[in-house]
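Shown here is one chain on its own, the form predicted alone, set out as structure tokens.
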């Protein structure tokens, strides 16, 4: 007879359907604000975390990665891929799932989808960094690349910075129309542009989120004037960049974890000793971020495990006493912890 698992052997699992229900239950704006708060709090205690560049398996078509970290109380990791060619086959470019475990026992306490959650945490991270690096009073943003991330980016910037205008451009006009339609009635003025140059006109924040795995020049040097904040989130693996190298030499560059960003970010174009500032230092006040109205700031975002850890903690804390998860029989639970074989035999 199969042994029924005890409550301690059941792990909360959040499916895609339940993640979406959770977001709608709380409200998208509040979820973005909530994840942003968790990220900001965790970056303020940066030095308590284990940190390692994500473990990547690279192919000609993409990358598959594990992103682990721990604060000594909880351990978390995310599996994520990035395969730009997937879009041509009707598949997502990025998919992921994540796990949070208790350090004392090693037992998982949460298993969840992280495709939707990664989009939310990426947008929340962008907005947190813009809070510290964007020009004061920034209200206009441009989004170059109007794929799966674009709407989340706009909504997070609205929720946390108060953005009122969004200017859109994508090489595929259908993507721009999709993004414009999704952002309609969201309380922002949406302008669909015919070129990247048109899109950045008057923008104080420029977000690049393209997907092609190539050394691309989405923004050229002559397109960038003084005083803007660039939020570069598309370059996230070796051989994949978006900005002209000359922009990097003019900007003050802020990164999550230099050993990872130097391999995967825009700064893979630069020598290893090119100076960068770690964003946790700005968030804690150890280093000043924006120092003048004329300064060009660049957040070279590649995504780091602590951000996923923050998002996992947020979900764990917000599914308590809710119907937005399913208990999963993930852990063995023998009557005698030493008798795993006996448990197998009794399952006949």
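Numbering follows the first chain given and starts at 1. Quantities reported herein were computed from a predicted structural model and do not represent experimental measurements.
Just so it is clear, the following notes concern the form predicted in complex with nicotinamide-adenine-dinucleotide (NAD), a form of the same protein that is not shown.
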{"item": "Options 271 to 279, 131 to 139, 99 to 107, 172 to 180; stretch whose heavy atom lies within 4.5 Å of nicotinamide-adenine-dinucleotide (NAD) in the predicted bound form", "value": "172 to 180"}
{"item": "Single option in 82, 203, 253, 154 placed near nicotinamide-adenine-dinucleotide (NAD) in the predicted bound form, where near means a heavy atom within 4.5 Å", "value": "82"}
{"item": "Contacting member of 116, 193, 246, 87, with respect to nicotinamide-adenine-dinucleotide (NAD) in the predicted bound form [4.5 Å, heavy atom]", "value": "87"}
{"item": "Non-hydrogen atom within 4.5 Å of nicotinamide-adenine-dinucleotide (NAD) in the predicted bound form for each of 122, 210 and 218", "value": "yes"}
{"item": "Non-hydrogen atom contact residue 158 with nicotinamide-adenine-dinucleotide (NAD) in the predicted bound form at 4.5 angstroms", "value": "no"}
{"item": "nicotinamide-adenine-dinucleotide (NAD) contact in the predicted bound form: residue 302, any heavy atom under 4.5 Å", "value": "yes"}
{"item": "4.5 angstroms heavy atom contact with nicotinamide-adenine-dinucleotide (NAD) in the predicted bound form for residue 230", "value": "no"}
{"item": "Residue 164, heavy atom within 4.5 angstroms of nicotinamide-adenine-dinucleotide (NAD) in the predicted bound form", "value": "no"}
{"item": "Those residues of 262 to 289 which, in the predicted bound form, come within 4.5 Å of nicotinamide-adenine-dinucleotide (NAD) by heavy atom", "value": "none"}
